[in-house]
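Two forms, one protein chain; structure tokens for each follow separately as structure 1 and structure 2.
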Structure 1
């Protein structure tokens, strides 16, 4: 699915680079070079706006106000001045995030992706990821259609990871929210449960990745 992004950036070179990098990353992008032009767009045509604050034609913050008053689409602010007051003002006016110049192209793409990221798809009380199906209501799990018997802790662990796929989840958080508080709640215990879960998932066991220094992640191969 192609996301349509509006870029408002007056600098020729930087604008062209951003357009090139985002297009390469698979986004459809429209580029405006003047603030006053941005004040005439129809916000609901876009899924995200990348907005430079220093613009000819209109104040960046005014453009932000305009976008906010017409829609709730995410706005990512580009700021050259590493100035707390400007950032705080932009966030207060409803900006979702900001990227400070200089930034790497990957950095910008990561911020855009993070804003467009949707929580793990949970349709009809079930999560489906690459042949792995978790029925949240019935508390059953199947791999490629075959049911897998999980303990309560293993199921909770898998569900916690599946709700934020491709994001590392800290061991401490998992230990607190997944393990039975009545029993041994240490992170070592968690590792034992994770190891058993992997085995039970068989071919899909590799989806449960250990993340060095952090904890675990359900890895679907898509960009996080």
Structure 2
């Protein structure tokens, strides 16, 4: 199976190099050089996006916001900006990874492969990870075959983490997309739900790991 990747990068020389290396590695690449063109794409047509931040037409973080509002498509940010504030902001907006320029092509290929290696994901409408099964359509969860009763928020939190296994997902992003803003839209409330979720999952509760200063991660034991 050939994975289709969207590259959004305005540097012609670098973009051509990335396309060449990823194509040689067996990926199918579509390359856009403007942020505003990326705002018009249909996310479901791709399996991963490699996104520069400094783009003509629209800033990369705005493209990231657009992608996250429409899908859980993995997004790998590729940028010359290496200050912590920018990296944290990208993670808060839902980026799955952040690679600083310059970089080795082998590193980029490894990170792309890791983002696409989403273990046990959505087979027959269910996610299965380490004895944990989430039936997305039926909205049910089981641990080693035994049903676990979860609230709506607990289910949405677990599903959000399971769809991006081994990735640190920002607390702010989870609060915005999981909680009901009219009832319990605070990050502190999210922590309470995460604690209750761990208890209900029993021995598997340890899979819901806290990433200090960022948020949470569903730790499957495989390298991301």
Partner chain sequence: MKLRARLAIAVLAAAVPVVIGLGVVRARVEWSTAEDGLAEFARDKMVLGGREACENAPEVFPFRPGSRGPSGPFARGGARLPRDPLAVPQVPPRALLEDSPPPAELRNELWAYGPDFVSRNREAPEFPSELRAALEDGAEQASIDWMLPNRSGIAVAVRMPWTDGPCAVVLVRRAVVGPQGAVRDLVIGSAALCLVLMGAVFLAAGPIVERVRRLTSQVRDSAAAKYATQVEVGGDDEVTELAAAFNTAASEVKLNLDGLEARESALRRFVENTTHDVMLPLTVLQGHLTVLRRRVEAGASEDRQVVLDALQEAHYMASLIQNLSAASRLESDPRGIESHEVDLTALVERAVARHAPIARAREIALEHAVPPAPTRAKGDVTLLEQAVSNLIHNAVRYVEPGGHVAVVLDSKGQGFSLRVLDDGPGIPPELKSRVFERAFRADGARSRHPGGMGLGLSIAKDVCERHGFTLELRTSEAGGAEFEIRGTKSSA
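Numbering follows the first chain given and starts at 1. The shown structure was predicted, so the numbers you read here are calculated from the model rather than taken from an experiment. The term rigid core refers to the most C-alpha atoms you can superpose between the two forms while keeping them within 1.5 Å.
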Original post:
Of structures 1 and 2, which one represents the form predicted alone?
Top reply: 2
**OP:** Determine, after fitting the two forms on their core, whether residue 194 shows a C-alpha shift of 2 Å or more between structures 1 and 2.
**Re:** yes
Original post:
Fitting the rigid core first, would the Cα of residue 145 be found 2 Å or more away between structures 1 and 2?
Top reply: yes
**OP:** Look at residue 208 and decide if its Cα position differs by 2 Å or more between structures 1 and 2 after superposing on the rigid core.
**Re:** yes
Original post:
Quick one: CA shift at residue 131 between structures 1 and 2, core fit, Å?
Top reply: 22.4
